[in-house]
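Quick heads-up: it's one chain on its own, the form predicted on its own, in structure tokens.
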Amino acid sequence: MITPAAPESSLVGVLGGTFNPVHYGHLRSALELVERLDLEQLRLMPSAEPPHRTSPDCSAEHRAAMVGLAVTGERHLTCDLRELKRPGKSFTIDSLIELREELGAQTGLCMVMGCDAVLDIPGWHRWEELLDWAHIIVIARPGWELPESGVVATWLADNRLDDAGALRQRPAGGVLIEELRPLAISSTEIRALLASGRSVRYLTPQSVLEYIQTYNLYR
């Protein structure tokens, strides 16, 4: 049983994804979350075998290496490799349980996801247990609307927090909706540009671009 967190308790965030490859859209959103929620740390966690989509052609090891390069020098961002080390599908609930065991009962844990993921959350493995282990931060993007009825709408209404300050009142259990600066960059677009031999400079960090070139990825 998780006991209530003290108001001054620290907050750690986790942002999962394929990061195929990581780009400035990911990184800018991560940094804005750190500053807006006053996170002690935000962990970018590459998925080894995503359960809801086909595994990327680019290996998890390559994708994680690029994330590591991208966050080098940013003290609040780090790459979390736990899903690469765990065999089988990369279920979020398993990662949250592991993180809770490592962080302890008092530290606030925030899992970040997009609006599109929230709409599909009833299909996630053991989704009803997610809030037992962490808060959920939903990133609102232009063009996305949260449902007004149904299972997800009820779940949001029952657990929604009014503001970021509420995240520090307990270590898990709330849903916060945050609007961030939209950056129209996608990994799909980057892969398509690379496959056609065009430049992706200024869409992803130079260190990531050099890694892609070194290992001839996405060609």
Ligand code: ATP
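The model shown is predicted, which means the values in this text are computed figures rather than measured ones. By rigid core we mean the largest C-alpha set that fits within 1.5 Å across both forms. Throughout, we count residues from 1 along the sequence that is shown.
Not pictured, yet referred to below: the form predicted in complex with the ligand.
K.L.:
Looking at the ligand in the predicted bound form, is some heavy atom of each of Thr72, Pro205 and Tyr211 within 4.5 Å of it?
P.N.:
Zero of three within 4.5 Å in the predicted bound form.
K.L.:
Considering Asn159, Gln169, Ser186, Ser59, which brings a non-hydrogen atom within 4.5 Å of the ligand in the predicted bound form?
P.N.:
Among Asn159, Gln169, Ser186, Ser59, a heavy atom within 4.5 Å of the ligand in the predicted bound form occurs only for Ser186.
K.L.:
Though the ligand is not shown, can you say which of Ala117, Ile93, Leu99, Leu84 has a heavy atom within 4.5 Å of it in the predicted bound form?
P.N.:
Checking each option against the ligand in the predicted bound form, the one that comes within 4.5 Å is Ala117.
K.L.:
Using a 4.5 Å heavy atom cut-off, indicate which stretch of 128 to 136, 108 to 116, 74 to 82, 145 to 153 touches the ligand in the predicted bound form.
P.N.:
Residues of 108 to 116 come within 4.5 Å of the partner.
K.L.:
Would Ser10 count as touching the ligand in the predicted bound form under a 4.5 Å heavy atom rule?
P.N.:
Although the ligand is absent here, Ser10 would stay clear of it in the predicted bound form, with no heavy atoms inside 4.5 Å.
K.L.:
Report whether the minimum heavy atom distance between Ser29 and the ligand in the predicted bound form is within 4.5 Å.
P.N.:
Yes, Ser29 is a contact residue.
K.L.:
Look up in the predicted bound form whether Arg141 has a non-hydrogen atom within 4.5 angstroms of the ligand, and give yes or no.
P.N.:
Flag for Arg141 set to yes.
K.L.:
Residue by residue through 9 to 32, tell me which have a non-hydrogen atom within 4.5 angstroms of the ligand in the predicted bound form.
P.N.:
Residues within 4.5 Å: Leu15, Gly16, Gly17, Thr18, Phe19, His23, Gly25, His26, Ser29.
K.L.:
Taking the rigid core as the reference frame, tell me whether Pro142 has a CA displacement of 2 angstroms or more between this form and the one not shown.
P.N.:
Pro142 C-alpha, core-superposed: shift of 2 Å or more.
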